[in-house]
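A lone chain, given as structure tokens: the form predicted on its own.
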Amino acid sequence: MRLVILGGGGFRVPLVYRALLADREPGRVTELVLYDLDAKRLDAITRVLHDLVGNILDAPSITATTDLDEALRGADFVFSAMRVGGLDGRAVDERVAADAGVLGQETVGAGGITYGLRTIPVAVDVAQRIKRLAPDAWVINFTNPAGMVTEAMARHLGNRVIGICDSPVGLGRRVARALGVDLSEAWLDYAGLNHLGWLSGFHVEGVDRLPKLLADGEKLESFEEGKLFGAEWLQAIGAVPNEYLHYYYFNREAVAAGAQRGAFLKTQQERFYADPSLESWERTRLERESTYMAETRDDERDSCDLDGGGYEQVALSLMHAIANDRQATLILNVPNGSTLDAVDGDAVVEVPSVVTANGARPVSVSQIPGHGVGLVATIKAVERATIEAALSGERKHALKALALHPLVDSVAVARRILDTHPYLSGEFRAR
């Protein structure tokens, strides 16, 4: 099986390859193709991958290329992990938003919108090329903002593009650990949009174990989300939110913390790419994981969460379910259908989905908590205005997306961001 990774020079690619090396399932990946615009980054990551192989004789072959069409031809699966504008772009997203007095996180708020504006045209071009050069390929999208990009690509690829994120499975893993159960034995009643979802139930052998956890304040604050939000707040809303909801529930504190992770990661990764090796990659990865959302915590991240987010395992499970027609249930970004009442059927949502050779189909879940319905509907409207702006180049849609976002909430601030962001095309700036 031929797997193509777009953004093949990206720092987290070795996590994917390590999972492929450990995979012994039928229909495993035998050929890995890395595509990236930056040949030096490709060389660095390829060196780390070869170090990972060690004495494994049947390791997937590795090919690196800067030719997108060459990479896509013959693909069975395409893993989209692009970062349009690189970490320079992310750092600018955060800085421009911070200068305007609002949150600049790369998927939440102004940062997510400006990131989407420059990413969606590229993602759509990629989707059109895949449709032409590899029409039978399945696309697994991890390019941020994941839900927004997946919805834009789905206009061309239909159900053959599926979005993934490691946040829901990470949440499930931590709740399972707090409850002392095996995550593989649980069914997660989770619903929302990418980086905007809630765990409303945690079912083991037909029994919802979440109410018992919510009633135990000490146990509730034993894992990351409990520490982030506090037992009192989780008990008040009767659910455990995705960690990214911290930016909504504690927006003032998040803005005041002023963390600009893009600049940190840029400096950190420049050191790695200047002198790449498996040892330096591992050291850099551990530092990256330990500082994840550090501005939201008062203590160090739990050591159990330093092995990586797990998105590579979600991707592998998804590929096997499709390639081997082996049913699996995974939390994915897929078209809503009639699953959630808060958005229409074409809206890409993040919910448990049954995967077979025919793709992913959302299953019935609890509806979004009442207090979050309006927020989800608003963010979906923002996502669609961003897609419209990115594809049309019209300022009015970009202005609408920014101004309507509850973490921007100001037409004047939206105008300032559009007019001062150096990475946005000139069409979005005031004449």
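Position 1 is the first residue in the sequence shown; the rest follow in order. All figures in this text were calculated on a predicted structure; none of them were measured in a lab.
Below, we refer to the form predicted in complex with a small molecule, which is not included among the displayed structures.
Every residue in the set Asn144, Tyr244 and Leu265 has a non-hydrogen atom no more than 4.5 Å from the small molecule in the model of the complex. Using a 4.5 angstroms threshold between heavy atoms, Cys165 counts as touching the small molecule in the model of the complex. The small molecule in the model of the complex is approached by Tyr292, whose closest heavy atom lies within 4.5 angstroms of it. With a 4.5 Å cutoff on heavy atoms, Arg288 counts as touching the small molecule in the model of the complex. Interface residue remark: Glu312 is not counted as part of the site for the small molecule in the model of the complex, having no heavy atom within 4.5 Å. Here is the short version: of Arg83, His156, Lys219, Arg173, the single residue with a heavy atom within 4.5 Å of the small molecule in the model of the complex is Arg83. Residues placing heavy atoms within 4.5 Å of the small molecule in the model of the complex fall in a single listed stretch, namely 83-91, out of 83-91, 318-326, 356-364, 181-189.
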